[in-house]
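The chain below stands alone and is given as structure tokens, in the form predicted alone.
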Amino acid sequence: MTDFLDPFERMIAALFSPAAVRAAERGEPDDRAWSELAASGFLDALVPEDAGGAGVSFADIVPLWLVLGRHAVPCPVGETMIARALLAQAGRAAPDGPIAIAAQAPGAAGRVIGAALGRHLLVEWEGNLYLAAVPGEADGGDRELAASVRWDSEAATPVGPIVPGGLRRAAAVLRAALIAGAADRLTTMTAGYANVRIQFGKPIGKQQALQQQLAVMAEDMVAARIAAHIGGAGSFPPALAAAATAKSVASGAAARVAAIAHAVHGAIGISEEYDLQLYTRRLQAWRLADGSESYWNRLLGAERLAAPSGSVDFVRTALAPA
């Protein structure tokens, strides 16, 4: 996996600097960056080799999504990877350009992450996938590059059936990995700041109370990373329990990581010029996207109660790789 991961991280770091992320949020996306990303072949990482892709496993794609979170990538890169893989499974050619993903009924407005920069929308409705055009239908783009989207089933292209809830489960694992990546970056930034910020003659990182907060932050960062890997350990699209565990743990960690990062940095953390806000805003957006921790906790609890086995056996069977 290192053969893929290192060049991917170098490319993402070069294409999506903090300045490039800010430009995209101002509505000035770098089309050259997307063209270079598409030419690299990474968008087809999940597509089977016999369909022209790299054939990377779902487990191995999670580290790539962590990289996207570490750099607060503004384009729907992970979403496009999922969409192109599902289109290939259905024997359909993928359109050019970024693809946002959503699970919503036709005619209903839904807030979709990445839709502000997406050209197409792969949407799940009643166990079937449809491909719709986004331009002209999305409005209200915000700094998280989400937009309100409606799609028309008459105008959309039917793609084929999918495991009910499968698109949203895949999106949940993606969000968990993005959260884990951003949490990793925030933990590094916050620990570094605590070691250089001097107060009363010594670094604030020497204060016991602050050290305890940094420890909680690091624990949450690791928990989110483990949860994301659990979500990607099985089949694609993932099983309900795996996706629910990944998104529930990561979303719960996101709020604490963001709060501690801002508490340690003080007022500087919310300034436009300082990069911290790029990552904490993403954490909050990804926490809510495709279902908060409360949404996935309800689904996971219902599945556990419906299982005839005990909790230990449920964890062993429901979260074990298929």
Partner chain sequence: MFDTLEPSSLPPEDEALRSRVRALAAAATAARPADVRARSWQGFDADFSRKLGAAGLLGLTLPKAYGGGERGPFARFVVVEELLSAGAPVAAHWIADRQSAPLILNYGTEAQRQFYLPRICRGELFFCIGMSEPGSGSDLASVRTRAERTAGGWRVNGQKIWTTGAMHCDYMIALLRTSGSAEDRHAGLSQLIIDLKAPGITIRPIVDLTGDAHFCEIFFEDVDLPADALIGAEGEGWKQVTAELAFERSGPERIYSSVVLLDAWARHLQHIGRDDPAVRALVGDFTARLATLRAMSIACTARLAAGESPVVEASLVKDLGTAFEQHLPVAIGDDLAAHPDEPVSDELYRTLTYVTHVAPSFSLRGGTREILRGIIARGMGLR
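Positions refer to the first chain, counted from 1. Predicted model only: the values in this text are computed from it and were never measured.
If you look for the form predicted together with the partner chain, you will not find it shown, but the lines that follow are about it.
Taking 249, 102, 149, 86 one by one, only a single residue has any non-hydrogen atom within 4.5 Å of the partner chain in the model of the complex, and it is 249. Of the listed positions (215, 155, 109, 163), a single one reaches within 4.5 angstroms of the partner chain by any non-hydrogen atom in the model of the complex, namely 215.
Taking the partner from the other structure, the partner chain in the model of the complex has a heavy atom within 4.5 Å of a heavy atom of residue 297. The shortest heavy atom separation between residue 80 and the partner chain in the model of the complex exceeds 4.5 Å. In the model of the complex, at least one heavy atom of residue 301 sits within 4.5 Å of the partner chain. For residue 227, a non-hydrogen atom is located within 4.5 Å of the partner chain in the model of the complex, even though that partner is not displayed.
With the partner chain left out of view, the stretch that reaches within 4.5 Å of it through heavy atoms in the model of the complex is, among 200-208, 86-94, 167-175, 120-128, 200-208. Highlighted residues 133, 271 and 280: none comes within 4.5 Å of the partner chain in the model of the complex, counting any heavy atom. Although the partner chain is not shown here, in the model of the complex the stretch 173-197 places heavy atoms of 184, 187, 188, 191, 194, 195 within 4.5 Å of it, in sequence order.
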